[in-house]
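Read the single chain below, which is given as structure tokens and is the form predicted on its own.
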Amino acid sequence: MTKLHMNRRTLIASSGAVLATGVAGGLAPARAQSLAPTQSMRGGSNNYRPGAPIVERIGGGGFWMTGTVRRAGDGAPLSGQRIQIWAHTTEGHERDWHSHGATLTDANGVFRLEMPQIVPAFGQPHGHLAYDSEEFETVFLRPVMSSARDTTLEAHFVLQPA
């Protein structure tokens, strides 16, 4: 059995070997895997109204709908994408035109729209969101809140080119 004697020279030499092989053999940063597109959720398109206007806020506000929009495959953030939002709120039902509005994503693919507090409909507090422009495939989401007292709801889109 060979006995390894550690001194400063062998420590430096072995550290260099570990770094050299580690970068090529497993310690290198992981590459991003292909990001799968978001699938539409059941019930997501309920009460959808094509062409909802881009607004600064829906109603009196107090609740925030937020999220991100990225491209399938490489996960790049998508700016300028139109996201429509609607819900059953303290100010109206999700069927009502005044309960619908749209916003655009910023340079980082982030969207944020203030709206009235979401309240339970059919037993669950939930929102509806849609990406419905022509550059990517349409996606409808229906995220459910963990509590009717939550004041934010987050949803994320990964879009597949049309």
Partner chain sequence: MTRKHLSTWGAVIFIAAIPIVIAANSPLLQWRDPVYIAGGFAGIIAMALLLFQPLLAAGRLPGLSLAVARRVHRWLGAALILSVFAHIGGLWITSPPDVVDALLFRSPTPFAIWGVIAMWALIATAILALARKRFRQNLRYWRAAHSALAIVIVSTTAAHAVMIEGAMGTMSKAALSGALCVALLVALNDLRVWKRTRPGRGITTD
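Residue numbers count along the first chain shown, from 1. Just so it is clear, the structure is predicted and the values come from calculations on it, not from any experiment.
Keep in mind that the form predicted in complex with the partner chain is missing from the display, and what follows is about it.
If the cut-off is 4.5 angstroms on heavy atoms, which of these, Ser133, Asn108, Ser40, Asn46, is the one near the partner chain in the predicted complex?
Selected option: Asn46.
Heavy atoms, 4.5 Å, the partner chain in the predicted complex: which of 56 to 64, 133 to 141, 92 to 100, 108 to 116 makes the cut? Say which one.
Result for this chain: 92 to 100.
Do Gly123 and the partner chain share at least one heavy atom pair within 4.5 Å in the predicted complex?
Taking the distances in the predicted complex, the answer for Gly123 is yes, it comes within 4.5 Å of the partner chain.
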